[in-house]
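Here's a solo chain for you in C-alpha cells, the form predicted alone.
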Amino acid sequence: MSTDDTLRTVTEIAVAETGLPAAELTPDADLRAMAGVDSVRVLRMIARIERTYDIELEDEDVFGTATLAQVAVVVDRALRDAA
C-alpha cells in the first residue's frame, strides 16, 4: 500500500466523520482550524482509522498531527511497525 492509498482512505474516513466535503479536506488543510471539526470528531476519525487498518496509533503521534497528510504518514509508520 502506498502513502497515496493511505491518504485516500484517511480522507474518505475524514469526510465520513466530519461531514465536510472532500474538496475542503485537502492533504495539507489544518484539521484543528476547520469549522465543525472538534476533538471528538478527530478522535472518532482516529478510532475508525485504527479499526480500518487494525492498528493502534500512539497518542503522541496522533496529537502531533494537524493535517491528513501527517495522519497518513503516522498510519503508514504504524503499518510498517506492525508488519
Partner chain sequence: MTVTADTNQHYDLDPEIFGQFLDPLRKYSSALYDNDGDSLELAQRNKLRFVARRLGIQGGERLLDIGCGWGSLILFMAQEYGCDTLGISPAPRQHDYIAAQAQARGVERQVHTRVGHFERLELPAGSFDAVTMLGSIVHMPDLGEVFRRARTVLRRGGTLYVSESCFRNAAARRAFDERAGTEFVRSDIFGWGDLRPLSDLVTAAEDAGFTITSVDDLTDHYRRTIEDWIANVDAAADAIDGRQPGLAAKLRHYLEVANAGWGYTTKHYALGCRKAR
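Please read all numbers here as calculations on a predicted model, not as lab measurements. Numbering follows the first chain given and starts at 1.
We do not show the form predicted together with the partner chain, though everything after this point is about it.
Residue contact check for residue 24: none of its heavy atoms lie within 4.5 Å of the partner chain in the predicted complex.
Contact annotation: residue 20 falls outside 4.5 Å of the partner chain in the predicted complex, judged by heavy atom distances. Within this chain, residue 15 is remote from the site of the partner chain in the predicted complex, having no heavy atom within 4.5 Å. Taking non-hydrogen atoms only, residue 62 approaches the partner chain to within 4.5 angstroms in the predicted complex.
In the predicted complex, 41, 43, 44, 46, 47, 50, 59, 62, 63 are the residues of 41-74 with at least one heavy atom within 4.5 Å of the partner chain, listed from first to last.
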